[in-house]
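Only one chain is shown below, in structure tokens, and it's the form predicted on its own.
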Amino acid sequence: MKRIAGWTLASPATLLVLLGLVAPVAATIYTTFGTPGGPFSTYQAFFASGFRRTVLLRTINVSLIVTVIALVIGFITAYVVSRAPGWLKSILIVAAVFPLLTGVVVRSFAWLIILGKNGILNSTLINLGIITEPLQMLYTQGSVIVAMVYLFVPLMVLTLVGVLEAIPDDLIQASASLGANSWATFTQVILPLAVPGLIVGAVLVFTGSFTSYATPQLLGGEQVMMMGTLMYQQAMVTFDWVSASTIAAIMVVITIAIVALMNAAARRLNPMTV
């Protein structure tokens, strides 16, 4: 009876998720199999195109690089924040998440001002005599990576702070008293216990980077097109909704596969991770 009551209470929320999330995704994927050329013709056409394969590989590459950099920066920042005194910890958390108070488009436009040919960075380098002519920083893969790291590091910090705070100081002190150096304590005590937070943060950053549209569009343009901008182009410029649905389906499958690989890696690093 308790189980039936639980399912009854959860059924409205479950129905809402099915109607609002699962059904639209399923309908989008379903449209890709109803073309006259056969159920997999749209996917064959996608992977037969060298340009689209390049966009896909670039998107995966950029997303993985952003995830790794955000993991390193976020972990270091979160560890410092978690070990700070109470009053300082609050200030550091506010400083870390402050960028989230502004929109993605606004933050991306800020990088246009910083990285432009007449921007802050080029002007500073010229005034210091390091360079004589402005560097081409915008509309490169590097500019997209830098902006995405800036966008997603706060999410990584928020995810890891709570995990690192939950690690008792007694474990670290016991490791040191048993003769472990700082590196051994980090790799054998802190890192395994932080794996759940690392995986959650990595999933958030990777999925956000992989599906991003505004930042690649503003800072990458046509030269650094990614899957989000390609899907928008197919749907809103050429009005090829089947191709756009195919791109969306491929993105869903790849995202699920990457998340599964991250979970497998987490279980290897920490067998207690679910």
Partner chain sequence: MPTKLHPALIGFTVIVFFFLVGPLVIVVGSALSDTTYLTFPPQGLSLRWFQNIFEIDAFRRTILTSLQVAVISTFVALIIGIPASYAMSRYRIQLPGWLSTLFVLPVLVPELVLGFSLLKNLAFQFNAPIYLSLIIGHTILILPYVIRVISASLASFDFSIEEAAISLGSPPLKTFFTVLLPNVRSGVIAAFILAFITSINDVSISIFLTGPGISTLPIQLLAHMEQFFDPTVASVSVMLMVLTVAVMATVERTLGLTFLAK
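All figures in this text were calculated on a predicted structure; none of them were measured in a lab. Residue numbers count along the first chain shown, from 1.
What comes next is about the form predicted together with the partner chain, which does not appear here.
- A heavy atom within 4.5 Å of the partner chain in the model of the complex is found for one listed residue only; from 97, 126, 189, 200, this is 97.
- Among the residues 218, 62, 56, 225, the one placing a heavy atom within 4.5 Å of the partner chain in the model of the complex is 218.
- Interface residue remark: residue 266 is not counted as part of the site for the partner chain in the model of the complex, having no heavy atom within 4.5 Å.
- Contact annotation: residue 261 falls outside 4.5 Å of the partner chain in the model of the complex, judged by heavy atom distances.
- Among heavy atoms of residue 42, none comes within 4.5 Å of the partner chain in the model of the complex.
- Proximity of residue 48 to the partner chain in the model of the complex: non-hydrogen atoms within 4.5 Å are absent; the residue sits far from the partner.
- For a residue to qualify, one of its non-hydrogen atoms must sit within 4.5 Å of the partner chain in the model of the complex; none of 122, 130 and 193 qualifies.
- Residues of 13 to 41 placing a heavy atom within 4.5 Å of the partner chain in the model of the complex, in sequence order: 13, 14, 16, 17, 18, 20, 21, 22, 24, 25, 27, 28, 31.
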